[in-house]
Each structure stands twice: as C-alpha cells, then as structure tokens.
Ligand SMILES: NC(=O)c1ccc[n+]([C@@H]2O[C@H](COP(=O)([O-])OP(=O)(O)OC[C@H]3O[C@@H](n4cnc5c(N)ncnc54)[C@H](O)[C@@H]3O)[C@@H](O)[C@H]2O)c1
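Take a look at this one chain, the form predicted on its own, written out in structure tokens.
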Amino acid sequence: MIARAIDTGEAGDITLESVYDIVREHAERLVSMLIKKPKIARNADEILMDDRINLIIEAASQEAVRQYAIKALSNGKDLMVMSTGALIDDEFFIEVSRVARKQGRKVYVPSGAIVGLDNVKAAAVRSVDEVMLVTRKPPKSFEGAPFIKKRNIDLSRISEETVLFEGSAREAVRLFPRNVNVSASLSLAGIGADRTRVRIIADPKADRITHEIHVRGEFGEIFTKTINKPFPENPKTSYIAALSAIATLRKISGSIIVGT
C-alpha cells in the first residue's frame, strides 16, 4: 500500500527508486503492481549504498530494523521505521540516536494504529504519572506470536473475551512483536517502555482492532479509542498503520507541517 501510494503520487513528491525483500518473489510481485517499475535490489546493501536514495522505509520486522538501521544512517540515509518495537531496546535506541545525530540524519516513526501521540508527546514535556494501552483483537490476529507458541494456546478455542497479557510495553513487544508495535510508539512518545502498561485482549466477537489509551499527568488526562479495520493482506496489523506511513511521507516532502 505504501509503495502504491508513492507510485501514484498520493504520498507526496517522492519517487520509489528501489525495493528489496528477502524473498525475491515478494519484491517481484510488488513491482508488477506498480505503474513505474522501481529496481529490485539483489540485497539490502544495494539499497543502502545507492547514492540516489535519501530515505529508506522499513516495513518488514523488528529484526530488519536491528539489522539495517545503523547501516542505513551511516550511509547517509534517513529512515522510516514501521516495526517500532525494535527501538525500545535501550542500547540499540541510544546507538541509533547517536549515529543519526552524527550523520545529520532523521529517523521517522509514524503514529501507526493509534491516535493522540501528538498530545502524549506534549504531555511528556512535564510530569506524567500513568500511561495505559488496552489492545483488543480477534484471536486469529495473534497467530504466530511467541507468547501464544510458548503457552501452546489454541486460539480457535477462545470462546469469550480473554486477557492474554498484562504488563509493561517492553514485555508486550517481546512477546507479541507483530501485534503491538503501537505500544512501542506510545512508549517512545511518552514515559518509556517500562512505565507504559499494556493489556492485550483476544475477543472472538471483535471484527475490528481496538486500541484504548489512558494518560494521566500534570497536564490533566487523555482518553482515546481507535477502532481499526484489520489490514486486508495481514490481519495482525491495522489498515490505518499503512495510512499513517503515507501521511508521514507527505509530511516529509511537504512545506507546511501540521501537528506536534
């Protein structure tokens, strides 16, 4: 969806120069859908070393961020991170920040599937006492999560609303790496991954992905609720997550910046 938006001009004044996937057939299928045919890179380094490229968009996995972020920044590229869970590794975050600052580059983290990050960032300028995220998804959305595998949970047998997890955002991202990247984004905007609390609910009656946020602090209180349609090709994530990446690209290429 992000590639198509760049291809049609929906994402602003940006050109898609090259794509890469560890499974080449995936990249070939993507390029076949586009009007302008970007180059298919043979490996990631081919993109990282390409002088024509100013911005690299990661839409793969937390592992891909850990593997390529430092290289991208060191080679003079800005970086957009979709798998934000990788950034709540404190040592890695510090190193990414250091290299970005040294190279004069930017790392962009779209809001993803939640609303209110602008106000959370503003609230965190002063004292914040509590940040809580409650995520509710259909059980099938959690297929393949390490937490589900480790506990041998049969998702098809969940017949009523079930709390799968309650704890810190740091633990949530580790146990559900493809489900709750929003908790990482919320942590980065607010009071950190250890103080941000997350409750994850599997609800067989849910046909949408719901994220509720409660923030309390010196500024007052924030309550938000986002009801998202699952992304058609990937029910683990929300449709609006891709839209937020497109909106971020518009912001990068635009002249007037709206929002914090």
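Each residue number is its position in the shown sequence, starting from 1. Here the structure is a predicted model, which is why all the values come from computation and not from measurement.
As for the form predicted in complex with the named molecule, it is not shown, yet the points below apply to it.
A.B. asks: Would G112 show up as a contact with the named molecule in the predicted complex if we use heavy atoms at 4.5 Å?
C.D. replies: Judged by the heavy-atom cut-off of 4.5 Å, G112 is in contact with the named molecule in the predicted complex.
A.B. asks: Looking at the partner-bound form in the predicted complex, is T224 within 4.5 Å of the named molecule by any heavy atom?
C.D. replies: No, T224 stays farther than 4.5 Å from the named molecule in the predicted complex.
A.B. asks: Would you check, heavy atoms only and a 4.5 Å threshold, whether A241 touches the named molecule in the predicted complex?
C.D. replies: Contact check for A241: yes, within 4.5 Å of the named molecule in the predicted complex.
A.B. asks: So in the predicted complex, does D21 come within 4.5 Å of the named molecule, heavy atom to heavy atom?
C.D. replies: D21: yes, in contact with the named molecule in the predicted complex.
A.B. asks: Which one, I40, M49, L34, A59, lies within 4.5 Å of the named molecule in the predicted complex by heavy atoms?
C.D. replies: Contact check passes for A59.
A.B. asks: Of the options V173, M82, V131, L87, which one has a non-hydrogen atom that comes within 4.5 Å of the named molecule in the predicted complex?
C.D. replies: Of the listed residues, the single hit is M82.
A.B. asks: From the candidate stretches 200-208, 187-195, 214-222, 61-69, select the single one in contact with the named molecule in the predicted complex, where contact means a heavy atom within 4.5 Å.
C.D. replies: Only one stretch qualifies here: 61-69.
A.B. asks: Non-hydrogen atoms within 4.5 angstroms of the named molecule in the predicted complex: do R178, N234 and T237 all have one?
C.D. replies: All of them do, each having a heavy atom within 4.5 Å of the partner.
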